[in-house]
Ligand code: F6P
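Quick heads-up: it's one chain on its own, the form predicted on its own, in structure tokens.
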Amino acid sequence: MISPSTSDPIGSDLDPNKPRIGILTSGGDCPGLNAVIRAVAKTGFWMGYEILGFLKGFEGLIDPIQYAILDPVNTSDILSQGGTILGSTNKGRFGGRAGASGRAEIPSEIIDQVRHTFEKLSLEGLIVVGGDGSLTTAQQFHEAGLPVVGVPKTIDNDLSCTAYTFGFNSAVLCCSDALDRLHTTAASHSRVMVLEVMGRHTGWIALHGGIAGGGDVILIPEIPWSYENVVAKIEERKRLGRDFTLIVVAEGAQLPDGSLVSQASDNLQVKLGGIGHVLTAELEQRIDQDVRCVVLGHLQRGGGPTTFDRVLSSQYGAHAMRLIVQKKFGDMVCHDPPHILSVPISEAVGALRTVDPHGSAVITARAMGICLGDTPGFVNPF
């Protein structure tokens, strides 16, 4: 992480002749965060702004205030780096979205402290890079009259009003690469391999990664499934001379009885995960075949961004600066291919963007014979 300013008093190291904005990264990390930071730093430099990167998410905004001055030099080598040089957190004094819906209100005294920081550092705007929870906090800043704009970040791709969030494409690549590797070992040992991937309450990573990696069964939250249909697919493959099966399951997919596999968490959001092992244990009781489980977990968040995410992140950073210049506060940049536009943050965090069970990706999967768990065999999707 980049070193914070050590000026005393706070702000004494700043240029009084330049307009000034801030940027922070909040919530779970993902590939592409540094590319956004770099784009903001470079765009701001050429437009005559001084850019402050607040450290450790929203926590850097209040006592103790922690920031670093960003420029094209100290951000020159971060385009391809994963993680975030500013640090991030999904804990602390700032609330976010509580679960899949609902809003945790930020205490008024915390908002007042943030307002004091804006005034103390003469900030003309703040760019908040985050997912649903972080942008919900940004929306509350906006409602309190603070000048903020949002940049949509999440590997889950579940934010409304944008075709893609950066980090998603990189997570899909991780999933498909894992399936490529599991394919060879599954075929060698005639095994069923279960791959559990992230995505929270949506199935974007599982669906796109499963298609890209040659999955045979894909189980997602948006489509109910049964063990019987999964077993039927495994047996069908055996009859076709394919004695191995690759299954991709999203962490937020409900079990056939409607329950979620989750763990207790000290965060506002339930901690999903474990369905892969539950599915594996059940299949071992139903089929005469070895079943193994792999949970990708935080591997999907790590590593550098794909070229697609590098370009998307750079566009998001540059256009976030555009929103600052145009004073379109309370907006979030969004991808409406081929354009980068903006929408009110309130619209983006109002509801999760879920997979359409009748959408083109699902139709593609069904047409190629991929089992989505809701039917025992092939059904013509056209």
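None of these values were measured; they are calculated from a predicted model. Residue numbers here begin at 1 and follow the sequence given.
The same protein also exists as the form predicted in complex with 6-O-phosphono-beta-D-fructofuranose; that form is not shown, yet it is the one meant from here on.
The closest non-hydrogen atom of Val249 lies beyond 4.5 Å of 6-O-phosphono-beta-D-fructofuranose in the predicted complex.
6-O-phosphono-beta-D-fructofuranose is not shown here, and in the predicted complex it never comes within 4.5 Å of any heavy atom of Arg237.
Using a 4.5 angstroms threshold between heavy atoms, Thr136 stays clear of 6-O-phosphono-beta-D-fructofuranose in the predicted complex. In the predicted complex, 6-O-phosphono-beta-D-fructofuranose sits within 4.5 Å of a heavy atom of Gly199. Residue-level contacts in the predicted complex: of Thr245, Ser170, Thr84, Thr154, one residue has a heavy atom within 4.5 Å of 6-O-phosphono-beta-D-fructofuranose, and it is Thr154. In terms of contact with 6-O-phosphono-beta-D-fructofuranose in the predicted complex, the residue from Arg191, Arg301, His142, Lys233 that brings a heavy atom within 4.5 Å is Arg301. Of the stretches 279 to 287, 172 to 180, 155 to 163, 113 to 121, only 155 to 163 has residues with a heavy atom within 4.5 Å of 6-O-phosphono-beta-D-fructofuranose in the predicted complex.
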